[in-house]
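We begin with a single chain expressed as structure tokens, specifically the form predicted alone.
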Amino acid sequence: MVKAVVGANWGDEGKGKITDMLAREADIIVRFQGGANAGHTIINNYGKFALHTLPSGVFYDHTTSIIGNGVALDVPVLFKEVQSIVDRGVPQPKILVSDRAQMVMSYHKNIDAYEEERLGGKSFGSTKSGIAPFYSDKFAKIGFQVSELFDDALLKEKVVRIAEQKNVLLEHLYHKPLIKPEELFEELMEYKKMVEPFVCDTALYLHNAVKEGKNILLEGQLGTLKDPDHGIYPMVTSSSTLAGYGAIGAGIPPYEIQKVITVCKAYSSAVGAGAFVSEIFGEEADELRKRGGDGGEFGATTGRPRRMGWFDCVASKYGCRLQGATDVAFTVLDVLGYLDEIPVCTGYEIGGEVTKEFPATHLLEKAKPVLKRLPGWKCDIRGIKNYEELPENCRNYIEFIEGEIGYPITMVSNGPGREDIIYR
């Protein structure tokens, strides 16, 4: 059976924990898009980890972790990450890398940083991990595919071509040092040495695994609202964050994805720029940020303070719809235990009219939140294992949100650990 674990919102929903938890029953975990620009924070028996490229199922010795063809593969980051978890006592993970994945090059990261610098106040809040330049090159058909590392003649010709093209930008737009073809070739040879033992036709591997009835988890990065088509364009990422793309980014048929576990946070948070209707500020935001997540709401990759807001039913309903949610995993509910009452955004007021449907960006910029206040439960709910044992106001909060979004909340996470989960 193939299940996808994806985000409903801006990312940061707690997908890492849900993947880590579901990986116990999985044979294979696949990263199918995105790069090392966002992280998943995981707390388990080995400690606390922030993963960037590795799938969140690497902590079990029975799983195989796949870097799918849809991923922006930063080779040194991947291997540094493997080393960092092994150094902390995690068994050496079994990793396979798609021969069709493409590689993030050093010039992608440089150009990412130069462009943010050039844009100044109009920047996209990039993590400068090279993601947008990487995907631009992939679709302009000038990226380096892993399979090409094994063809010296092709590479020697290609590095000259790429350097010529990039150097025009570097010289005339950015006024930065130029790329030397021979250094580019060396960089590619370094990557080849690192990645060679792991490369295979992962789509074929997955085809056979599906036939054998293996349990496969597809792990998405970020969430619906960062999708380049369906998100808050242009403040989005550069690869599709939807479960539907899992079929493409992993190389399996779409009808094999039978469950889409869409992760929603019990409040909202976002890293980076863009419209965020239910956002809160000042002391109210600081308090939620401080209590949120484990050790506070700060980006797993950048350490940036996350922007905070109340639960947004409009955005979450939209997020679940686009993902095709079969199950909603509702996370960090325990954080809200300090509040007397909890505001929830149930609609957007745009130009004097209230809507419950998520609009395109130009209208989103004008939207004001319509808030409903629900009574808080004023106690710590960590350690509770049965839904019935949750305080009544806590159950009311979950059921109210479930009614608003229209998708079943089947898992409630009430703490950062693997065991802190309530199944409904």
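All values reported here derive from a predicted model rather than from experimental measurement. Don't overthink the numbering: it's just position in the shown sequence, from 1.
Although it is not shown, the form predicted together with a small molecule is what the next lines describe.
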Pick the stretch from 88 to 96, 136 to 144, 200 to 208, 327 to 335 whose residues have a heavy atom within 4.5 Å of the small molecule in the predicted bound form.
327 to 335
Under a 4.5 angstroms heavy atom criterion, identify the one residue in Lys366, Lys356, Arg382, His62 near the small molecule in the predicted bound form.
Arg382
At 4.5 angstroms, heavy atoms only, are Lys15, Arg306 and Ser413 all close to the small molecule in the predicted bound form?
yes
Mark Thr41 yes when one of its heavy atoms lies within 4.5 Å of a heavy atom of the small molecule in the predicted bound form, and no otherwise.
yes
Heavy atom of Gly231 within 4.5 Å of the small molecule in the predicted bound form:
no
Would Gly293 show up as a contact with the small molecule in the predicted bound form if we use heavy atoms at 4.5 Å?
yes
